[in-house]
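To begin, one chain is listed below as structure tokens, in the form predicted alone.
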Amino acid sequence: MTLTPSGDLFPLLAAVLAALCCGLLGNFLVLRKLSLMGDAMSHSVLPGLVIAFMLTGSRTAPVMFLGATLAGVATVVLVELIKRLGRVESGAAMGVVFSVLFALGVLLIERAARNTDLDANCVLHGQLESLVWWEGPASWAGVVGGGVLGAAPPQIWTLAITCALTIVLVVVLYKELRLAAFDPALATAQGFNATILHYILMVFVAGATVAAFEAVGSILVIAMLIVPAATARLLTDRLAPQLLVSTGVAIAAAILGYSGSIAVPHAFDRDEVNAAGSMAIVLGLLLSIAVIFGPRYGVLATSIRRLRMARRIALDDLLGRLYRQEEGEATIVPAPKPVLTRARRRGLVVADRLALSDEGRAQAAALVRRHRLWEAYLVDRAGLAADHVHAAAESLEHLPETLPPETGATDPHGKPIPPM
């Protein structure tokens, strides 16, 4: 497979620009639990397109862009009104607005623009493959000085301007957007009007959605708004790294998806597939990798962490029972062989019999101390009955980093609290 400037430069550039602006804005949608807003806008711009055509009789790009942008802004306003006046959650309000506006668009097409060529496939999949540079150079070396700027189609310019404005917005209002995303009330209390910031963000989302719509279609717009940010969120908790990771994921998906739409079918002697759909699939694969292999929230890391915790709790329970047995409180229950083997390997239990070593006794004393301190705290400070605190203390004793204040020398049952 060989990519050529004439056939692939502008489609690839449009995909990367759309991925960049949608990926950046999507971070704030995901953080504010407004991921469905991109889906709502991509559907609700249809009546804006039809009404713009009905009023002007034109299907030129500026007219369509203006109509779709106004419809996107109207979507945001209607969602906010329904959410506040109807007292419903954001997802329900967005579902109501985009379904009603999309239906209105379909009715307007049927009644007033039936003979107009509004291609449904273009709306869903975009027209990446149509951005051909007919007079382009035969090799990539000829791109430099080859009149790229003059030959760029309007979709590229629209996406480039939208992308530049999006980067300026994120850089200039980074602090305000971050504060409003995590705590809108605190942002307003500190002098940043969270409502105005919300509408500014939504206007940019509407603009990015509409700008990317013609080139890549609604499927990829929705995917680019949500998936890169969701993938980055699985890899980091900090906003700045999240923005960088999501941008990298979006651009990688654009390049890999476009190349894969050509290379993979050719490898099986098939025709090329839709590039936007291929990019959305790559995004899904990248998200799946993050879900499985994410260092903190991935399935694999979470499973390993839970397994280690279960092994530690089993070992703690053995030490606690042996310690209480030495106090004459409990009768020892035979421990599972793997737990006993680990305890002996670590030198916590003597080798020839089931009894604590010195090191094991010290760890067991610390464990029992935490248990009895929590029981005392729950009775003295939380006001619980003494016979209702054992289960809670049984869980809290396995958290060595948290320890309640000492309230006495004995627990609520009169048992001594081991000293430190």
Partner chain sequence: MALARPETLSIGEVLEVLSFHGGYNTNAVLAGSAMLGLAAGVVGVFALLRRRSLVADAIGHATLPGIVIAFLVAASMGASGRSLPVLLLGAAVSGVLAVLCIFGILRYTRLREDAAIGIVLGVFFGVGVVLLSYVQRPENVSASPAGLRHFIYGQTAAMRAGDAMLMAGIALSAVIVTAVLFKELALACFNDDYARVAGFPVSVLDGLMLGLVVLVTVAGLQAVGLILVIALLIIPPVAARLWTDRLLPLMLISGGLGALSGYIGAATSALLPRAPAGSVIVLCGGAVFVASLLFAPRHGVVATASRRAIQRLRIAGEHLLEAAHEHEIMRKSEGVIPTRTIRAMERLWGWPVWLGPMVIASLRRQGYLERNSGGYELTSTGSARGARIARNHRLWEQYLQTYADVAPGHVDWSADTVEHVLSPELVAELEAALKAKGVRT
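Residue numbers count along the first chain shown, from 1. Please read these numbers as outputs of a predicted model, since none were measured by experiment.
FYI, the form predicted in complex with the partner chain isn't displayed, but the following is about it.
Trainee: Let me know the one among L169, V245, I226, A187 whose heavy atoms come within 4.5 Å of the partner chain in the predicted bound form, would you?
Mentor: Partner contact (heavy atom, 4.5 Å) among the options: I226.
Trainee: Taking the partner chain in the predicted bound form as the reference, which of L367, L34, A52, V389 has a non-hydrogen atom within 4.5 Å?
Mentor: By the 4.5 Å criterion, the partner-contacting residue is L34.
Trainee: So, T158 and the partner chain: in the predicted bound form, are they within 4.5 Å at any heavy atom pair?
Mentor: No, no contact at 4.5 Å.
Trainee: Taking the partner chain as it sits in the predicted bound form, is P295 near enough to touch it, meaning that at least one heavy atom pair lies within 4.5 angstroms?
Mentor: No, P295 sits far enough from the partner chain in the predicted bound form that none of its heavy atoms falls within 4.5 Å.
Trainee: Is the gap between S130 and the partner chain in the predicted bound form 4.5 Å or less for some heavy atom pair?
Mentor: Contact check for S130: no, nothing within 4.5 Å of the partner chain in the predicted bound form.
Trainee: Report whether the minimum heavy atom distance between A253 and the partner chain in the predicted bound form is within 4.5 Å.
Mentor: Outside the cut-off, so no.
Trainee: Given a 4.5 Å cut-off on heavy atoms, tell me which of 265-273, 199-207, 170-178, 320-328 is the interface stretch with the partner chain in the predicted bound form.
Mentor: Only one stretch passes the 4.5 Å heavy-atom test: 265-273.
Trainee: Answer yes or no: in the predicted bound form, does the partner chain come within 4.5 Å of a heavy atom in every one of L104, R111 and I281?
Mentor: Each of the three qualifies.
Trainee: Across 64-92, which residues bring a heavy atom to within 4.5 Å of the partner chain in the predicted bound form?
Mentor: Result: I82, L85, G86, R87, V88, E89, G91, A92.
Trainee: Since the CA distance of V273 and V106 differs by 3 Å or more in the predicted bound form, is it closer or farther than in the form displayed?
Mentor: Residues converge in the predicted bound form, at least 3 Å closer.
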